[in-house]
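Before any questions on how it binds or moves, here is one chain, the form predicted on its own, in structure tokens.
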């Protein structure tokens, strides 16, 4: 049977674009890709990239204060959101253009419209036309959702934050995951009065307790009004503001309310059910270790599969798909020991197991130190950092590495190599310290602070 294409990709985010580009450009496959929104997906258009630009912007106010302590005659004239927003959107436009050109230059045919599956080898575009393909790859990502509370429609999500006409004077952020905590730090740095409600006992659930505890402490020190064990009951409009009633009895007015209460896979109305493609409890597409669904010709990668929802992971999954399907080299995706950074203020970098997870599986030693770094200490600022290694008593392997510090993301990338290679505590000890740095503490901690 002949097909219009060897591969049809639904979704123009990081994972889908990578799979399409490599299959077409390096393997000579005939490939098409459909995207109903902007190319680049969550990461480039409404996630990592604009978020990191906002993190950079938000840190300059603190730098001015610090510079004065170092003898510089500097003043903070205030932040111009309009100027920054214009430049940010110009940069996103530039990056989207790069994504489009990558596909074009590798011979991928693109359709700027929604696509859904009709059968195991056919997709239907929004204009009604149908295309056949030997393989279909679903890479439609995820989206933020609002909780079911009265007045929730008055709130915004992380998708909307980059398009505000003006920054609010006050904002309530609801949620305690990395998106909520990152935007709390960003907006606080940009001069917005930030309140954060989280229903749990501590922010950043699933991460190392000691590390997330320090992040929360520092967020509060930085002026973010964090309320743990607190959720929203209802919201209603009051003049230009939003009146929020909370479970802790508070009734407060905010200029803006942002929900960062979770994301769901974009797998609805794709025709999956008619094909018998299984969906999980959160609506995710169920796949095996090769990203294959129960329908042999249909694969799925990235956030729509709800495995590890990180851009570099989606790209890895796309590459593994091409290896498996187009190069005859069955390649399972390696989701073990993925380093990651949370761009809170202070930043957090982590790889491997938390102290709590490691202690559940075997006897461990914990090496940790928390201190004021030289740069902030000299400036009379209070910020603390944390360097932490979780070590197996039996094998001496470093099971987890956790850093809370400025630049933690840069540090954890390199520490991640060592942990992925199976480095022991003694391998860390044999490495000479780079002095004076914060990260030298990773190789100078001689005695465990506790065993579990």
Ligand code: NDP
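Keep in mind the model is a prediction, meaning the values are calculated, not measured. Positions refer to the first chain, counted from 1.
The discussion below concerns the form predicted in complex with the ligand, not included here.
Scanning 171, 267, 351, 179 against the ligand in the predicted bound form with a 4.5 Å heavy atom cut-off leaves one residue, 179. Distance criterion of 4.5 Å from any heavy atom to the ligand in the predicted bound form singles out 261 from the list 284, 188, 261, 293. In the predicted bound form, residue 342 approaches the ligand with a heavy atom inside 4.5 Å. Remark: residue 310 counts among the residues lining the ligand in the predicted bound form, judged by a heavy atom distance of 4.5 Å or less. Contact annotation: residue 198 falls within 4.5 Å of the ligand in the predicted bound form, judged by heavy atom distances. When contacts are judged by a 4.5 Å heavy atom cut-off, residue 130 does not count as touching the ligand in the predicted bound form. This chain is displayed without the ligand, yet in the predicted bound form the stretch 333 to 341 from 333 to 341, 372 to 380, 161 to 169, 104 to 112 comes within 4.5 Å of it by heavy atoms. When contacts are defined as a non-hydrogen atom within 4.5 Å, none of 363, 420 and 446 contacts the ligand in the predicted bound form. Annotation for 384 to 422: no interface residues with the ligand in the predicted bound form [heavy atom within 4.5 Å].
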